[in-house]
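Let us start with two forms of the same protein chain, each given on its own as structure tokens and named structure 1 and structure 2.
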Structure 1
Amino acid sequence: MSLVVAGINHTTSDIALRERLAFAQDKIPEALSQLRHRLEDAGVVIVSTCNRMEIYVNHVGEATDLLREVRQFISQWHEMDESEFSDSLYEHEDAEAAGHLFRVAASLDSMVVGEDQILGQVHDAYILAHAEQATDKIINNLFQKAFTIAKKVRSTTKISEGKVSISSVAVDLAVSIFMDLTDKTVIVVGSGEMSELTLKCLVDKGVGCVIVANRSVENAQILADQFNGEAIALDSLDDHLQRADIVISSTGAPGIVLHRDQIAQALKQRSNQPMFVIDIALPRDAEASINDLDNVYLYDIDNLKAVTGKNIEARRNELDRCYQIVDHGVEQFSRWLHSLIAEPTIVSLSHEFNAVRTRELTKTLDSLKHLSDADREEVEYLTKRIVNNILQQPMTQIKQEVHDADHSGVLQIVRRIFGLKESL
């Protein structure tokens, strides 16, 4: 029996390759079915996100043969030659495969270490595979262990504390200033990627009204439509600036876009209600002296990076503790996995003892015709308890011995001693 994983992620491949090797969510059930048919009902889970594609498989046979089959499946499913992705593909076996999954679920292998999205993605991938009856005993135990470890990492370390993206830090600062964003208005100056990410975070926090200002009103409208917002021309910004509780600016313009006099005039029209200005442009869009105005909070990209840098460093300081938790989990899982080697012998031993119990119990009860049905049930229950108590220590010791010695030799001795005829 071999447990393997094969995949790519943000560290081994560019986004173009990850897009080509991604599995569409509505096609994963079919992919699971095809791979299981190819491998004669192996246990399979496919994890496919924007940053990774991984296939976990448990099946009889050698790991090298199993990984070859997985590579061929990937090639055929995506209609790509193996040479197009083989250099980017990582492959792990048994304990290393388990350790990899545990690190992934605990977000130690993420682009942003400590992020909370990957655990949900891994969980959804497992639930889908389980619903499609594509998992087996070992895959089930593996993923349940991964979820347990991920929760322990999050609950006993500080790996998830502190935002580590510019957009999330900016939004946290906005929340700290305004507390409740539901009645606030945000104006986005420019329609770049960073503005969009920050805007999305603000909308997720419940910001009430969105206005997008851009030189091209058509481009402004595209971004505004994503958030049920309003689009305006950049040259009309002065007419709307007093409406803004929050201003996000990222235009890519060569000079200043937001001047002190503009903000001062908007503040006057707002009766000096607080205004939060997030300048995430490089070069900067906002005049630095804006921060001198009362009730204005200006943060540029350097300010925000300083906060994220401290948070990233704090998370890095937690990594050793996180890896200790993962390593302990791998050890536990490996011991459980190894103990399965003894299962056929243990089952055979239990079957043999219970066959003797049943045979002798039948003889005894046949000679005790006067016993009531209740008494007979009590006697049978007693014999079961005796056999279970006798077997408890030997079964525990057998599982221990297969870890500490040559398991084939240990199991052969047990079978010879008790006359068990099933082959190993």
Structure 2
Amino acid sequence: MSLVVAGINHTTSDIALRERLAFAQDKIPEALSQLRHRLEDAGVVIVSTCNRMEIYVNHVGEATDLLREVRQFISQWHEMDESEFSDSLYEHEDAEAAGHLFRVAASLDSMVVGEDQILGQVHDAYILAHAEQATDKIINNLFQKAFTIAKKVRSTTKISEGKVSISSVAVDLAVSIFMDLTDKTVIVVGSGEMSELTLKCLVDKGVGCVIVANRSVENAQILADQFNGEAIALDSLDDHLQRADIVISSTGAPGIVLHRDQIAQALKQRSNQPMFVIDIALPRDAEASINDLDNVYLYDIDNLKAVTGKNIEARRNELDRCYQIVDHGVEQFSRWLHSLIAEPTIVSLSHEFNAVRTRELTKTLDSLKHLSDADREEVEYLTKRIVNNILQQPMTQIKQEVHDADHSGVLQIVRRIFGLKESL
């Protein structure tokens, strides 16, 4: 029995190759079916995201043969020559394959370490394979273990703490200042991809009112319409600034757009209620001394990048602890995988003993016809307890020996001693 994984990810290939090797979600059931047909009902899961494509397979036989089959399948499915992707393809077997999946699910192998999307993607891939009846006992256990480990990594370490994108950091800061965003107003000054992204994150978080200010009201209206907002001309910004709890500024203007006096005036008009100014323009739109005003919190692009940088660093510092959890999980999984080798022997041992028990019990009960039904049940229960007690220690010991030593020797001896017929 071999467990293998073959795949590519953002570290081994460029986006063009990843796009070519990706499996469309609606084609995955067919791919699973073809691979299982090829590998005679193997356990298979295909994980295909924008950053990785991986195929997990459990099947009888040698790992090398299995990996060759998987490579051929990828090549045929995507109509590519093996040489086009073989340099980017990584392959792992048994414990290493398990360790790889545990790291992927725990987001330790992601482009943004600690991001929370990958666990859902791996989960969806497994659910799909399970629904297609493409999984087996080992694959099921492997993925369940991966989910448990991923949750443990998240809950016991700080790997997913602190946001690592500019827009999400801006939203976190807004939440640090304001109790509830639903009654807050955000003014976007200028437009740009980053300001739009930040605005989207804030609206997703519940910001109630959006005002877009631009030199051209028509352009402002386009962005405002996306968020059911209000469009105003940049010239009239002063009239609306007092309404703004959050200001996102990202104009392409060469000079200062938001002056300290403007903000001070707005602050006075809004009875010193706090204001959060996000300046993501380059060159900066907001006068730096705005941050000296009480109740105004100004963050420019460098400040936001510094926060994301610190958060990324903090996540990296947690990696050792995460790897320890993964290693422990791999050890447990390997132990369980090894114990499966002893399973046929343990099952036949149990059958053998129970066959003897049933045979002798029948003989004895035939000669004790005066016993009531209740007494007969009691005697049968007694024999079961005796057999279970006798077998308990040998079975535990066999599992232990299989893990610690050369398992084929141990199992052969057990089979010889008890005359078990099933081959190894």
Partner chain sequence: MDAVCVQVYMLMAWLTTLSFYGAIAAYIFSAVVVLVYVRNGNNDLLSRAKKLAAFGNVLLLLVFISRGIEFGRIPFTGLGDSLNLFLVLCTGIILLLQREEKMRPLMAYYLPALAILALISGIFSPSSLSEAPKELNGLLLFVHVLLVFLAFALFFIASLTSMAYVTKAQSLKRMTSGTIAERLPSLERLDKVLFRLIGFGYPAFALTLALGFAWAYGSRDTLGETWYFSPRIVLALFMVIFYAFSFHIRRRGLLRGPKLAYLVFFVSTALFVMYLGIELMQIGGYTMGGTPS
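Because the structure is predicted, anything quoted here is derived from the model rather than measured. In this text, rigid core is short for the largest set of C-alphas that superpose within 1.5 Å between two forms. Structure 1 provides the reference sequence; residues are numbered from 1 along it.
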Number of the structure representing the form predicted together with its partner chain:
2
With both forms fit on the core, is the shift of the CA atom of residue 120 between structure 1 and structure 2 2 Å or larger?
no
Establish whether a shift of 2 Å or more occurs at the C-alpha of residue 286 between structure 1 and structure 2, with the two forms superposed on the rigid core.
yes
Determine whether the C-alpha of residue 319 shifts by 2 Å or more between structure 1 and structure 2 once the rigid core is superposed.
no
Provide the displacement, in Å, of the CA of residue 201 between structure 1 and structure 2, taking the core as the superposition reference.
2.6
By how many angstrom is the CA atom of residue 276 displaced between structure 1 and structure 2 after fitting on the core?
5.0
